[in-house]
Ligand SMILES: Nc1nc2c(c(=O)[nH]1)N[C@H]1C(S)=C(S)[C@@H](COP(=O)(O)O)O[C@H]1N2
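Only one chain comes next, encoded as structure tokens, the form predicted alone.
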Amino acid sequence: MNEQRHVILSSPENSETPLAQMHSLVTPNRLFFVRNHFDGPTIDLASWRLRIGGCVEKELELTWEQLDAMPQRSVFATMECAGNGRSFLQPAVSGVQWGAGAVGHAEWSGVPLAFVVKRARLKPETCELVFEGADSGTETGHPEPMPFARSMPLAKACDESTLLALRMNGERLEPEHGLPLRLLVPGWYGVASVKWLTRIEAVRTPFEGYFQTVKYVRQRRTGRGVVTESVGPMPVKSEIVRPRDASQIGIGATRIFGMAWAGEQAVEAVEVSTDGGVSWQRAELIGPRAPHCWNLWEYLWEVVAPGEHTLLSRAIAADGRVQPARHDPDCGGYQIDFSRPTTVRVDPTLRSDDILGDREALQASLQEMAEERFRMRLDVELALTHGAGI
């Protein structure tokens, strides 16, 4: 079996999921993409402990076995890199030049974070929790070694779906995915789901760590001016997988296929345009609609006119949010959620007789997408500047 991740950089590992090897909506553990800032730590499970302290009434020190014996919950969730799609931005933005494939879907199992936090008894003055991993290193503009750490508001930390994840798709976490323990924050960008978790610190004032206030930040315009804030929830987003950009199709029924997700919300609908955004039609969603999860979708286009056509898709979340037409420049190299055009040419000498619900075509579409993503070069050697990163 030659199935493996496509390694872009070995130290620290940055690798993509080879989607050609996917045979279901869930990404297998061994193929799930990996994004590290520092080399992965070597951890002895027997001596590892999760320590919870700071602004608490009772400090805790927990072993893996103790966590495993606590009440467990499983959550299906889509995880996406905050810079997914950065290579499509014009002008180019520095950072890892991800294509559209830095996203995956898995079942995560572990202890609800709220259960453990309750045992520690947060003091009333606690404003947020800081999560620290065992990995550490240096970054551009920060020559002193530092651990990877992020903070999260109490409301999200105590959400019933936020987990101290011990397992992924029913199996114990692998080292590259955070063994022995990682945070799982459904609906938020992957940077929030800290791997190799060793410490949770309750704090009285907002955390101002490097990966909270220097990297992984965006600008937001308010009535009082522009403010800088950390990236958090994933937006509503869709991708066209088939047909591929610059491909040639025939007259007749052509099946347009893709996927969509909406962060903390479920996907309500996906609309497709075959005329560059002048008109829109509803696509068929495949699979159940659930918060945190992606949906596959398809639309049958009756092609009658030869020549060049511009296809677009836009997803609509359950709360009414609609995928935007353009990238927000205030987001810099993050939150790249705009509807990206796919251009196809219709050859009148060719015929197309696609149908909806064709599972063989579905698998072929996934494989076509995988092969295209696999050929993309992820430029992890670009200089990382303010706002660059995952």
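Given the structure is predicted, the values throughout are model-derived calculations rather than measurements. Throughout, we count residues from 1 along the sequence that is shown.
One more form of this protein exists, namely the form predicted in complex with the named molecule; it is left out here, but the text below deals with it.
Residues 191, 195 and 216 are all found to lie within 4.5 Å of the named molecule in the predicted bound form, as judged by heavy atom distances.
The chain is drawn here without the named molecule; in the predicted bound form, the stretch among 46-54, 323-331, 336-344, 26-34 whose residues come within 4.5 Å of it by any heavy atom is 26-34. Looking at residue 176, you'd find a heavy atom of it within 4.5 angstroms of the named molecule in the predicted bound form.
Among heavy atoms of residue 148, some come within 4.5 Å of the named molecule in the predicted bound form. Heavy atoms of residue 163 never reach within 4.5 Å of the named molecule in the predicted bound form, leaving it off the interface. By the criterion of a heavy atom within 4.5 Å, residue 79 is counted among the residues contacting the named molecule in the predicted bound form. Of the listed positions (135, 268, 271, 128), a single one reaches within 4.5 angstroms of the named molecule by any non-hydrogen atom in the predicted bound form, namely 135.
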